[in-house]
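Encoded as structure tokens, the following chain is the form predicted alone, with no partner shown.
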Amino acid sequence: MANTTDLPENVEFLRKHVLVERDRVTSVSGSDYPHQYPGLNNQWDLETFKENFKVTINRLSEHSVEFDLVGVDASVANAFRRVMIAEVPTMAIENVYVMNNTSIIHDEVLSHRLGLVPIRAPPDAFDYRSADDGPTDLNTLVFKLKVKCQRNPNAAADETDPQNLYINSNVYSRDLVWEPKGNQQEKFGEDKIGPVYDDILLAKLRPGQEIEMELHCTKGIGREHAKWSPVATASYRLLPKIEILSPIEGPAAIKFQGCFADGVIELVQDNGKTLAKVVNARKDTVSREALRHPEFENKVRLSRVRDHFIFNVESTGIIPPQDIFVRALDVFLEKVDHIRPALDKVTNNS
């Protein structure tokens, strides 16, 4: 709802910002709830939310994305982060059937390594598999791993490099061979089912050692085990805000610039004076170095915008980074659909 009266400047500032001081951080908890401030209703309104809410992608690469989420509470932003980490489903190796393993790596250790190999497969095309279900083409992907090490007959007599001295001295993720079941070949023929990365080292062998296994991939979520998490990291931070309250010039401006990360403060010339100017507060790490120098006291104010979250999400490669947040949003909406009947029941009974 819109303001009916203007709040004092200091109150309005603390309502919208987290204040960063020399030895502490204050105004951490949000206070935007109904009738907290005189003349400000603050009742949640859909149209106001639509007007303030924004999602902006600032950087996108093959494996990571940085985007801004603006206009939500920290609890909502953190819920999205947790869903991206723990509740977006993927496919991962769950069952390992060992026919032969004469390598120096124990079966359990090798199985654990295999489980952490990211598998490229569309999770939406598979059903969850319960403990009572058997493997079918609808809930399981099957891979075979069969590698045997032997001496290279063409190696030089003085060769010492195992890569040249032996054949199959290293077992890589590319040695996992997908074995389609049912109509999986027709269904996923063009999807390149298999490990996301071909060069993950699984084991080292020497002549006479071999590994033969059958691997079953199932659908799961990171809450059950990290191997199902589609992200390597998912974090957010509040947008930094730097305000120069009175001019900082001359040698003090140069010193002030050195208190921040590169690209945050720029030195400009104005009427023959060198002045410090904030050009990109986004790059600031909020080290508070400037607040430790007495010459900058009462000349600068550091804060963070309370409802502006900068997300950094790094994908494991299973799901494109730009799709992870969208899928997390789908999971979030499912949770809302589940809780809504219970909320309606409580409110109607009251």
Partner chain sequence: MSLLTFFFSLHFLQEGGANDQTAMTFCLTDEDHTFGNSLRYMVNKNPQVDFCGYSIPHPSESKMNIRIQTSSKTTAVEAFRKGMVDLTEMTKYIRQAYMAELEKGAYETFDELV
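Positions refer to the first chain, counted from 1. Being a predicted model, the structure only gives us computed values, none of them experimental.
Separately, the form predicted in complex with its partner chain exists; it is not shown, and the next lines address it.
Could you work out which of 61, 298, 26, 285 is the residue within 4.5 angstroms of its partner chain in the predicted bound form, going by heavy atoms?
Of 61, 298, 26, 285, the residue with a heavy atom within 4.5 Å of its partner chain in the predicted bound form is 61.
When the contact criterion is heavy atoms within 4.5 Å, does residue 32 count as touching its partner chain in the predicted bound form?
It does: once its partner chain is placed as it appears in the predicted bound form, residue 32 has a heavy atom within 4.5 Å of it.
Counting only non-hydrogen atoms and a 4.5 angstroms cut-off, does residue 80 reach its partner chain in the predicted bound form?
Output for residue 80 is yes: heavy atoms within 4.5 Å of its partner chain.
Taking its partner chain as it sits in the predicted bound form, is residue 114 near enough to touch it, meaning that at least one heavy atom pair lies within 4.5 angstroms?
Outside the cut-off, so no.
Flag residue 305 as yes or no: does it have a non-hydrogen atom within 4.5 angstroms of any non-hydrogen atom of its partner chain in the predicted bound form?
No - in the predicted bound form, heavy atoms of residue 305 and its partner chain never come within 4.5 Å of each other.
Going by heavy atoms within 4.5 Å, which of 276-284, 152-160, 70-78, 105-113 lines up against its partner chain in the predicted bound form?
Of the options given, it is 70-78.
Is any part of 315-344 within 4.5 angstroms of its partner chain in the predicted bound form by a non-hydrogen atom, and which residues would that be?
322, 325, 326, 329, 330, 332, 333, 335, 336, 338, 339, 340, 342, 343, 344, in sequence order.
With a shift of at least 3 angstroms, figure out whether the C-alpha spacing between residue 33 and residue 341 grows or shrinks in the predicted bound form: closer or farther?
Pair moves farther apart in the predicted bound form.
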